[in-house]
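In structure tokens, the next block holds one chain alone, the form predicted alone.
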């Protein structure tokens, strides 16, 4: 996470997350990294791109790379009858749209519910997770934007 995020965490011991659902699993993105929430429209495929790259789209005049989070997590494809949502993020001066099932709410969580990735966390989730928060009856997996966008695995493991 960015320095700004750690400064926020140290002030009152809480962090805010935009929650998203992918295949009924609850994930969270640090609120300071979320630029937009939108319904993707007219995604143009990019030849020879990684399978996780759904393509590019035009969002208010910006070209945005769309990342299919189901493919990124090795999950079944989206139901064609349901309209997916997207969360817009910016990383290293590039715009991205993370294609998800649906957006949830903004949660403010205290550090007492935070844990490093548990040993039994699915490897696919652990590879893009910054940890988890244990909530009543479910786990919120925190998404690490840098790891999500490291599609070739260059940072996490030398291939």
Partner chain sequence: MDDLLSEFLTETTESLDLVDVELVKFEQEPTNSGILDNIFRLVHTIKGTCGFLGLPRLEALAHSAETLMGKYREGAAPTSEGVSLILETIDRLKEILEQLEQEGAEPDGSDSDLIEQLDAMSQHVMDVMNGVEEDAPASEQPAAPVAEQEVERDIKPGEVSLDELEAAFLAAPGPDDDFSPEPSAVVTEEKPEDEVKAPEEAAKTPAPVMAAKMPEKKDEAKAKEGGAVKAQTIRVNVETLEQLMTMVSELVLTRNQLLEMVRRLDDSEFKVPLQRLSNVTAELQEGVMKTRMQPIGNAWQKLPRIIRDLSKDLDKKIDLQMIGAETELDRQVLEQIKDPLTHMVRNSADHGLETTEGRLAAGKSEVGKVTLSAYHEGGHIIIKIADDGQGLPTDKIKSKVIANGIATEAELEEMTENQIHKLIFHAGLSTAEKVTNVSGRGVGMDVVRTNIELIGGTVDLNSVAGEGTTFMIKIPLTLAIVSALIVESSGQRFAIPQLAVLELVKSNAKAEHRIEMINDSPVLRLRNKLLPVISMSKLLGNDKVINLSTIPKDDEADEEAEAAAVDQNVFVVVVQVGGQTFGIVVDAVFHTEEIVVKPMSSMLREITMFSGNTILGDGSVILIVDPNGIAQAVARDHAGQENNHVHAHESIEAISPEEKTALLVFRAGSSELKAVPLSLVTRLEEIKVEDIECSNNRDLVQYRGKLMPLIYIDDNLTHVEEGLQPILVFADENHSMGLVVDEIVDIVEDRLTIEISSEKTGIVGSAIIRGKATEVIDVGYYLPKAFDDWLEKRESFTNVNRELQLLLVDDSAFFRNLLSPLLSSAGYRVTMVESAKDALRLKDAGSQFDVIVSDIEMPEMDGITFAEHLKNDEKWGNTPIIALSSHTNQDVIERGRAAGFRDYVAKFDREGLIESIRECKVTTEKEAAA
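Keep in mind it's a predicted model, so treat the numbers as computed, not measured. Positions refer to the first chain, counted from 1.
The following text describes the form predicted in complex with its partner chain, which does not appear among the structures shown.
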Could you check which residue among 149, 18, 140, 22 gets a heavy atom within 4.5 Å of its partner chain in the predicted complex? 149
Test of understanding: in the predicted complex, would residue 51 fall inside 4.5 Å of its partner chain by heavy atoms? yes
Quick check on residue 58: any heavy atom within 4.5 Å of its partner chain in the predicted complex? yes
Taking its partner chain as it sits in the predicted complex, is residue 106 near enough to touch it, meaning that at least one heavy atom pair lies within 4.5 angstroms? no
Taking any heavy atom pair closer than or equal to 4.5 Å as contact, tell me whether residue 44 reaches its partner chain in the predicted complex. yes
Given 28-36, 128-136, 59-67, 108-116, the stretch touching its partner chain in the predicted complex at heavy atoms within 4.5 Å is 59-67
Note that its partner chain is not shown here; using its position in the predicted complex, name the residues of 88-122 with a heavy atom within 4.5 Å of it, in sequence order. 94, 96
